[in-house]
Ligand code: ACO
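Let's start with one chain on its own, the form predicted on its own, as structure tokens.
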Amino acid sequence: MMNDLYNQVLKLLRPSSVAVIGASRDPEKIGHQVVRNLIRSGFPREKIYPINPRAYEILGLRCYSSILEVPDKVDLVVIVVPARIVPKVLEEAGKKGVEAVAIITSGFKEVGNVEAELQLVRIARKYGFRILGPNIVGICDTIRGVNASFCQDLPRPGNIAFITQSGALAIALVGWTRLKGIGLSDLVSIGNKADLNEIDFIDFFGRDPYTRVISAYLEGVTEGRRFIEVAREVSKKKPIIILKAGKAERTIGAIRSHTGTLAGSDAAYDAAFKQAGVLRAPTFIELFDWALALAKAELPRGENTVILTNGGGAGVMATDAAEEWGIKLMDIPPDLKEKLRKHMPPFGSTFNPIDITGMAGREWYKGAMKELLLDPRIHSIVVLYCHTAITDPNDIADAILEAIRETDVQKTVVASFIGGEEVMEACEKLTKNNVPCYESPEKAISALGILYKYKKHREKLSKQTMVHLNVDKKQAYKIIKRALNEGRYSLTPSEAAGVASAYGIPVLEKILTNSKEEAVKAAEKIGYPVVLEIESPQIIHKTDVGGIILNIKNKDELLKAYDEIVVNIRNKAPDAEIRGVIVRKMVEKGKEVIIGMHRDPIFGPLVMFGSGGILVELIKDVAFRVAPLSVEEAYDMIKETKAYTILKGFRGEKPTDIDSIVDTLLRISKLASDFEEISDIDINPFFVYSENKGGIAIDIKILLERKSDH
């Protein structure tokens, strides 16, 4: 099946023959531009078949009234007829036996015409071909020279694939990438994604021998789980860089949990990208800067980096950027300092950055570069050049390339040439020869930073440990089923504790009482001090309505607290059903964290960890991952937060039992994966104690939504 898809996408992007249905004699029409672009891109004229029942020939090519009249086999059909005619010509394409169709025509789902778009997919399924679009710019492939689009030209040939949901961006980027000297293997506009989507193309380019880097502009994905699975496998072999638009958090009025409030759609994409090894670019400039580095440079073999510069200011800028990226600048050993002194004036600097001064010409650059390349302790080199009156940028570029050729050592080298138009040619020469070159030190460091980041991503993807957890799924299901049968969409505190306990999450014993006498007996059994909290399906945040009282030390305080809670609820939540009052132990306070889950509509269960307590939504010190979690992913999300600094021991404090948090995160992940009925889980606070002393869930909330029965 997958090989079928690969071959169909291959026919779509790199066809041997193309029919353009809706070809036009009018130069202003898209149907004319597509035919003209195919010819201009060098596609064989005898394999282009314009389809137009009202024309005999277009641009010197014979026209056919229907694709059924074309005597030869057709690999790709490009459709540019009005929306109402598309189903008819699709049927004809199916009868012709084509395997791939690109629909440029708009007027479908994007304008609310959903049923018409579904009809196109039904026709494609009937005949077994695949559709790209509708509402696309077309296809640009530089491997076979296919410009089946209304872009002004083909991009430069290269090994970066670009997938885009924005047609306008596709058109603009052709000119921009040509200007910047960036080469693409393919530029694919995916439009409405009625059939083929970004995941299909990520999968294709992951196996494509002509593509080294996959880049994309996306506004959203529709198959979240499949996206993670496919991207994770591809990322092990090739880098995927995505610019994801739309960072604003969703506002859903029905969300009542802390996790749900914090888990906007962007948090879900961030988590999914991390787990799939995808590099997320903040801007399209950085997307292509990174793509260029990953397409041209070697991945670093170690962490030691050296900056070589002829300008102190450029070196300082690069140093600041390196610190932000976490790049390790190596201390230069004395023996290497002595060697470098030969390639600079007495006032040059052998610290890192190595400043060979503005006097440095071709020979000093070449000599210094050779010393750095030949030293096995150095793994990455950032070479900076500020254009001076006494040097020629092309000479410096040649010196760098000669040093690399003559030493024949495989090392990561990135460059920044700073100046006007004069340095552009030299910079382009370096990039062409696999030394990615940028116009600023910060960009060069960013490029090196992404090489290190991708290397770490790839290493992490190969080390994922999934653990088997013993749980009582039947007991949890019994509690959840009862609540849903009663028409409730939240569990009471004692029910939530019961579900958590069934999944091995450490919880306090909670005794449900229905009178003051029962509460006194429970407190005496547990031992003072105790906590009283209301048991009500309608009350999620007990603190807001006075539904919890802490540190009750004796019987008299308990009797008073019991009455106080009941009065608070009747005054502040008069419609809430009171099912009793819970008595639980007042435990020693640990470090407060929050653990939770919110079910994202695209990616499914989104597990959260962060700093806990009443200020959780204000501080927003949280990290997310999509369930199911591996052990490594659980640790990673803890390390992403500021809470981790405190948990591992801050300013002389003892380290806490981080393993107990990891275990709870894995159990929450399994609980959420096992029960689609659970929409949200909040454990806030979760008290973490010192190393090997464990942790305990103090307050647990579980919200539900009705799903089909198990």
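Computed from a predicted model, the values in this text were never measured in an experiment. So that there is no doubt, residue numbering starts at 1 and follows the sequence shown.
As for the form predicted together with the named molecule, it is not shown, yet the points below apply to it.
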Review point. Considering the named molecule in the predicted complex, which of 150, 452, 201, 273 comes within 4.5 Å of it through any heavy atom?
Key: 150
Revision key, fill the gap. Heavy atom within 4.5 Å of the named molecule in the predicted complex, from candidates 48, 30, 658, 666, belongs to 30
Exercise for review: May I ask you to check whether residue 526 falls inside a 4.5 Å heavy atom distance of the named molecule in the predicted complex?
Suggested key: no
Exercise for review: Classify residue 37 as contacting or not contacting the named molecule in the predicted complex by the rule of any non-hydrogen atom within 4.5 angstroms, answering yes or no.
Suggested key: no
Practice item. Would you please decide whether residue 167 lies within 4.5 angstroms of the named molecule in the predicted complex, comparing each non-hydrogen atom pair? Key: yes
Check your understanding: Does any heavy atom of residue 265 come within 4.5 Å of a heavy atom of the named molecule in the predicted complex?
Key -> no
Review point. Taking 23, 52 and 136 as a possible spot, do all three reach the named molecule in the predicted complex with a heavy atom inside 4.5 Å?
Key: yes
Check your understanding: in the predicted complex, which of 285-293, 556-564, 73-81, 175-183 comes within 4.5 Å of the named molecule (heavy atoms)?
Key -> 73-81
Review point. Going by the named molecule in the predicted complex, which residues of 417-451 come within 4.5 Å of it through any heavy atom?
Key: none
